[in-house]
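Quick setup: one chain, the form predicted alone, written in C-alpha cells, and binding and motion questions come after.
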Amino acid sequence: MNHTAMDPTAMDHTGRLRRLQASLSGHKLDSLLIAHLPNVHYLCGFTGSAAALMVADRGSILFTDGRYSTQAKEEVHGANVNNVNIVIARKSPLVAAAEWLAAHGRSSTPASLRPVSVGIEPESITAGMRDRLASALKGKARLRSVPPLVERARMVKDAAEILRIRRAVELGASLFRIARRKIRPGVSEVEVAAAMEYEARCAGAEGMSFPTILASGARSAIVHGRASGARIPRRGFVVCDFGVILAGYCSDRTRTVHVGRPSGEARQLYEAVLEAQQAAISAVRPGVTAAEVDGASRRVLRQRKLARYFTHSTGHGLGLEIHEAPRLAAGQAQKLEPGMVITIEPGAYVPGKWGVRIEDVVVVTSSGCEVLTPTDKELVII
C-alpha cells in the first residue's frame, strides 16, 4: 500500500534526494556533504541535533551519533528513504563522514561513492571544521564550497509542504484570541506571551517559531521587542509577533492592537502600515522580483512621509526555518515562483513613541498569491 498517497502531508524525500543527486555532475561534484540540519531534515527526514548527510550520485549516507540510533532508523526509513544508509559514529558526524571517505578509497568503494571533489556548504561549517575535514580526508578528496543548492530547492514548496505550513499558520493565528483576552493595562508582556505559548503547546505545537515578540507602549517601536517584564500601559500600541512549529514547519504572524482610545495620529499610522501591507500583497505574483514587492510597500510609506520609520525588509521566505530565501528587500533580484511561501510584514517605528507592524503569510500561485493567514486586520481596540 502506498502510504504517501494516503497522506497529503507526506514528504517526498526520495524525490528530493534524486533531484539533488542528478544535479551533482553539473556542478562537477562527486558528492555533497550536507551539514546544515534543516537541509538534512529536508532531504531524508532526520530531525536530530547532530548529523551529516553525504549525498553521491546513486547513494547517500547519514552520519549521526549514538543518541540517535533508534530515531535515525525510525525517521529515515519511516520516510521511505530506502537509499540512505545510516552510520552511527563516535565523533563529530562531519569528521566521521570525512574519515569514511578517506578509508573507503577507489579500490573498495562503488563508483557512485568514490568522491574526488566533495562539495561543502560554506555557511554551515566553521573554518576550523573545514581544516579538520581536510585533515581527515588525507588528500584523498578535494573540498569545494558550493552554492546553496538545497536552499534553492527549498524555496519552492510542494503541495505537502504548503499544507503543513497552512496548518501551522492556522494554529498560530488562533493564538491571537489569547492575546486579545490577556492584553490589559498593568499585565506584563511576558504574561501574555506565556499564555499564548502554553495554548500553542496544548494545541499540539512542537514549539514556537521564535521567541514571542510582545512589545507595548514605547517598546512597540523596538522592531524585535521580545516579551519582557514591562507592564502594558493604559494607552498605546501593542505589537504581537508570534508563530508556531507544527509538523516541522513554521508559521509567522504579526498583529498590532491599541490599548485605550487611539488618537487620530495613531489611527493614521496604523492605516498607513495596513495600506502598505495590502500594496505589497497585491504586488505578489510569478515573475515579479523580491525587490519589486518590497518597493510596493515602501512607496506607500514614503507617500505618507513614514519611509524613514520602516527599517527592515518587507518579508522573507519561511518553511522548515522561520527565515528562508527569498528575502523581500531592495536590490533582491530573485523572481517569485508559484509555490514560494513568504511573509509580508511592513512596519513603521517611531523611536521612543510607538510602532506598528502587520504581517501575513502568503503563497505565490500561478496568477498571484493566496493569503494563508486569516485576514481580519481592522485595528483592534482594547
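All residue numbers refer to positions in the sequence shown, first residue = 1. Just so it is clear, the structure is predicted and the values come from calculations on it, not from any experiment.
Beyond what is shown, the protein has a form predicted together with another copy of the chain; the following relates to that form.
Every residue of the trio 123, 130 and 227 has some heavy atom no more than 4.5 Å from another copy of the chain in the model of the complex. Note that among 266-274, 287-295, 215-223, 151-159, the stretch whose heavy atoms approach another copy of the chain to within 4.5 Å in the model of the complex is 215-223. When another copy of the chain is considered in the model of the complex, residue 312 lines it closely, a heavy atom lying within 4.5 Å. Within 4.5 Å of some heavy atom of another copy of the chain in the model of the complex lies at least one heavy atom of residue 195. Although the partner is absent from this view, residue 71 contacts another copy of the chain in the model of the complex, with a non-hydrogen atom inside 4.5 angstroms. Contact annotation: residue 67 falls within 4.5 Å of another copy of the chain in the model of the complex, judged by heavy atom distances. Distance criterion of 4.5 Å from any heavy atom to another copy of the chain in the model of the complex singles out 182 from the list 258, 166, 182, 140.
Of the residues 190, 103, 116, 247, just one reaches another copy of the chain in the model of the complex with a heavy atom at 4.5 Å or closer; this is 190.
Shown without its partner, the chain has no residue in segment 28-45 with a non-hydrogen atom within 4.5 angstroms of another copy of the chain in the model of the complex.
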